[in-house]
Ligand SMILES: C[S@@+](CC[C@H](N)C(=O)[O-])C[C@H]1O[C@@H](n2cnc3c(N)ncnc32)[C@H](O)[C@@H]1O
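What follows is a single chain, given as structure tokens, in the form predicted on its own.
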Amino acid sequence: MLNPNDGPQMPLLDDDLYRRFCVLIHDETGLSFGPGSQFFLERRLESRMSALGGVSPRDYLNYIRYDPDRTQEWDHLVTVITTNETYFMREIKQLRCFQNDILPALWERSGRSRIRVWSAGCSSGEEPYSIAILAKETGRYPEGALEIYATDINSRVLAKAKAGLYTESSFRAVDEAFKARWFTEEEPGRFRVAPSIQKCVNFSRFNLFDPGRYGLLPAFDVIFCRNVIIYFDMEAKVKVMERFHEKLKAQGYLLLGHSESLISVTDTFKLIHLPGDLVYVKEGP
């Protein structure tokens, strides 16, 4: 390995090999890496090649492409190339719209029966737990009336989500009263989410770019997919939105991150202005 003082390091991958990695990762996950991401991706690939005993880039590419046991390595690779920045009540305006506008409408429309919400790209769990807390605060959804499916492609953050144990950084957007009501300090600086909230959420690993997995999901009243499709190129965005459209009930709601839009992606969802925020709706009877 070069000493930092020896001058600039040569790229780990030549242009052709970098392109092949990018195409394969895109085809498997939908994630898009351009020329400006080469250093980032090389460092992540290097960590995995080192973990496997220092294999060459070309051998590693063949391994994740062809080896019968490549599934576990894909899990490791996805863990190091995905971004998982989140916290409780992120993009609070949209969440309050969900609580104050969407949930009451669904409560009446469903005949006060069970509703299903999908947190797609849930990361370490702060989003689905925030959704469950907001629903509990309405007083409308008794135990069993709200099902939240929370999925992510990254097994490491899913393990944290299932554990339900968080440090102070996850509470940067909430006050102490929120934390005291819904969390218990299990050890100094580490807080566990209330069991009544954990019961509402079912976590599982899910690749949004794997069409075969969607048939395992039920139909949803609401899909949250926030700050996820910004990492997809147009082709991947179109495919994922087609599948979301299939899994969303008529008049169901799609909530994206505030920096995300479906302009030029699809016209199958209608953007509507609720009192609290702008959201997408699947039109239908």
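Residue numbers here begin at 1 and follow the sequence given. Predicted, not measured: the structure shown is a model, and the values here were computed from it.
Missing here is the form predicted together with the ligand; even so, the following discussion is about that form.
Contact with the ligand in the predicted complex, defined as any heavy atom within 4.5 Å, is confined among 29-37, 45-53, 215-223, 65-73 to 29-37.
Not one of S113, R243 and Y253 is positioned with any heavy atom within 4.5 Å of the ligand in the predicted complex. Using a 4.5 angstroms limit between non-hydrogen atoms, Y231 touches the ligand in the predicted complex. Taking non-hydrogen atoms only, N100 never approaches the ligand to within 4.5 angstroms in the predicted complex. With a 4.5 Å cutoff on heavy atoms, G164 does not count as touching the ligand in the predicted complex; it lies far away. The ligand in the predicted complex comes within 4.5 Å of a heavy atom belonging to T83. This chain lacks the partner; the member of L106, L95, L208, I197 within 4.5 angstroms of the ligand in the predicted complex by a non-hydrogen atom is L208. Of the residues given (L146, I153, I133, V193), I153 alone sits with a heavy atom within 4.5 Å of the ligand in the predicted complex.
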